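One chain follows as structure tokens, the form predicted alone.
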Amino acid sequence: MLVNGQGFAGTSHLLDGTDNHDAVLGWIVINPTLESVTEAKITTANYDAEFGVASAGVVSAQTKSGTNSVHGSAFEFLRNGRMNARNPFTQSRPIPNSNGRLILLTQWNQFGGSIGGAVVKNKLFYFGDYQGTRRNTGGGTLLRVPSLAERAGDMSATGINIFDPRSGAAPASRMPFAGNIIPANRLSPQTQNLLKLIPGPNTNAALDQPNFASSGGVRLNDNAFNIRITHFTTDKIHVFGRYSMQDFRMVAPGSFGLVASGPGLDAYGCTNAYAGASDSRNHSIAGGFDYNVRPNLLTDFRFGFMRYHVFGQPDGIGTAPVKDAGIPGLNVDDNFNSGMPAFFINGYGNNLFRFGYALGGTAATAR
């Protein structure tokens, strides 16, 4: 959530008055479920000093409590490609490699329920809920990959002179290769080995335009539940406790396969999407009490604990493609430095050609 023109990390999140915001990555830890929220408030300016950790805005949510009567709910939302209408402007032609489909393959199923009531009438109340989501979303992207001629050193179709770096010390004195063709003995064997992992063009395209269409499915499943106990100890003292857990499981393919990876695929054609597997299990505990000392003096105490735990495995974990290609010093172990690092080829194909770790850097296991 972007507030006041600042990044998402500048927004603070609170759940039941306790911190719900990871300090390292800036993500919300527990996304409140549909049935658990009784109040939500967004403050964008002039918030109190107690919210000083926020530089952009404050998003605060409160969870439900039980009542003297037993109340419950059940729900299910379904969205899929068969029930969606196509966009006539962006989905007028079949999606590449989709067997003629006009609409991306989509399955979005969100379901759950809740129950709340009283253990002791007017004294002790309970509330609990569960929410599950199953998402399978088709995605695709258009990229530029080197043509077969370009891989062999033939740059004549580009219309750009390719200069021989050995023909002169200064760039202005260098001579172009004859016919803009780089001799085979001048091609880097390491580069040739890496290019073997990159698929060739699969669509017809004009020079410097996307010539490779990739598509696939992204799976994201999550399960979440909340349990809350509220106790009216006396007329002046109220106590509550809550435990929440949220579990995510995501698998997203890379555009160029498991080893070369490249940009991940998503439903919106994002070329910076993550490729690989990512599991997250987050916990949040909150408790507190309020004590009415006198009609004009009220005290409030809150305690919170949270754990944001992510286990990510990018594509290619356990492989050593750059080491096998002849490049030393990168794949130095079988885990944290395995896989394909990120390669960005600037100025080629309108900067649409890159491969390796989709988020940039080294494809290492993140924990």
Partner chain sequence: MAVTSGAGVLKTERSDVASTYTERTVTELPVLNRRFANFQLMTLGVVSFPTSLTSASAENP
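Owing to the predicted nature of the structure, the values given are computational and were not obtained by experimental measurement. Numbering follows the first chain given and starts at 1.
As for the form predicted together with its partner chain, it is not shown, yet the points below apply to it.
- Distance criterion of 4.5 Å from any heavy atom to its partner chain in the predicted complex singles out Ser278 from the list Asn223, Ser114, Ser278, Ser147.
- At a distance of at most 4.5 angstroms from its partner chain in the predicted complex, none of the three residues Ser69, Phe240 and Phe305 contributes a non-hydrogen atom.
- Figure note: of the listed segments 115-123, 206-214, 187-195, 248-256, the one touching its partner chain in the predicted complex, with heavy atoms no more than 4.5 Å away, is 248-256.
- Proximity of Lys323 to its partner chain in the predicted complex falls outside the 4.5 Å heavy atom cutoff.
- Although the partner is absent from this view, Asn282 contacts its partner chain in the predicted complex, with a non-hydrogen atom inside 4.5 angstroms.
- Among heavy atoms of Phe301, none comes within 4.5 Å of its partner chain in the predicted complex.
- Contact between Asn335 and its partner chain in the predicted complex is not found at the 4.5 Å heavy atom cutoff.
- Within 4.5 angstroms of its partner chain in the predicted complex, the stretch 107-121 places a non-hydrogen atom from each of Trp108, Gln110, taken in sequence order.
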